[in-house]
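We begin with a single chain expressed as structure tokens, specifically the form predicted on its own.
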């Protein structure tokens, strides 16, 4: 694999980041980290969407400029992703000067080649969706189905993109590439939407929407959100209509673009059409994840259940975000909705990270110190009955990631941890030591520690800090590529001393950790 380019949706900066934003960024970061274990050139793009009427109105209500509002809120997103160890390559803002310039050139190119035309239009416009809605898509009460608000009637002369021109080509691409839309069951939904597709407005009159990118040669029009926002995936790489950069040539097309299911239409219909019009290859996969509910209820400001992504870390007094990352990533099967609750979070991470994985490493190293002063002797090396399952798990995890089944891959790693725990219970090294079968005891411990190196490598994308602590105690190089992993990872000689054995994850209700009490 020569390169791997992945993107998230860019978040609208009309408000602060919430747990739904965090879910998407964590998923994408885990995919990115996994692929760094398989290739050397991984490029991970995220960022913020900063134009439009909502920004304009919110800024006006606050008595600040739209750019000041964007600067303030974009930083909140950056701070949140830093707190969650989201290790992106680039953070793009659609107010970046180079992005705005390239968007103007893209718009101008499509206009000159006849894919964009000017047209007077009257339609139902939803500010929340940032698009015109078809009357048949509204609820019985005439509301937007996503925002439950009545769209306003807007009459303007705008520029339109000939989306209908590309309808058949998009349908053919989806049918010819059944893995283009992930999960696959969403493809029919997109094809049904394509049946009634119409040309789309790609500009707004400046008299209505002033905060946007100017159309070259037309002082009365602002480039409308979708050409602006969607183009970030190529402008970030240095795409230009005349002379694309080497970076663009190296990384495009994207291997996967991670988005929420609510914006699938724009990414699987509008975006492919724009790319076809620009004569550019389409992304290989569009991954549409589900929503995160809170205690089985949809997040809503009116319900007061919108959770900021860092509040969980603060309320449980977590030193690093690994537990939250693991929980979120394994909260829902590929493309399905997930749920967050404090009780489930605590129960799950205690069971998987503290009781199963962390305790397995801790007690195995403790026995190595107790019985052998932390030394691995040559006679402890032999055939490992866990090797087949451990090496097989690597391949299963890779296959899950190839299908973007992040939760499923996480559960496979947990299964390997459970099998290793069972092996310890079945072989009972403490009994072997009591019976003075020291070589057999040492072999069991080293067999477990060899597998723990593989577990550390596999869990790294989910829990980079825990994996790093595990690798340090195992003297294992976490930079080892997955294809280079073997079942023989522990070196002979002194491995660890008693004072160097530390729990990699304390239970959330541990008195030592004092993490059960919520901060007041």
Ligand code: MSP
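Positions refer to the first chain, counted from 1. Predicted, not measured: the structure shown is a model, and the values here were computed from it.
Below, we refer to the form predicted in complex with the named molecule, which is not included among the displayed structures.
- The chain is drawn here without the named molecule; in the model of the complex, the stretch among 101-109, 273-281, 314-322, 229-237 whose residues come within 4.5 Å of it by any heavy atom is 229-237.
- For the three residues 67, 210 and 214, a heavy atom within 4.5 Å of the named molecule turns up in the model of the complex in no case.
- This chain is displayed alone, yet in the model of the complex one of 92, 259, 194, 367 has a heavy atom within 4.5 Å of the named molecule; that residue is 259.
- Taking non-hydrogen atoms only, residue 290 approaches the named molecule to within 4.5 angstroms in the model of the complex.
- The named molecule is not shown here, and in the model of the complex it never comes within 4.5 Å of any heavy atom of residue 386.
- Taking the partner from the other structure, the named molecule in the model of the complex has no heavy atom within 4.5 Å of any heavy atom of residue 29.
- Proximity of residue 263 to the named molecule in the model of the complex: non-hydrogen atoms within 4.5 Å are present.
- Contacts of stretch 6-21 with the named molecule in the model of the complex, defined by any heavy atom lying within 4.5 Å, are made by 9, 10, 11, 12, 18, 20, 21, listed in sequence order.
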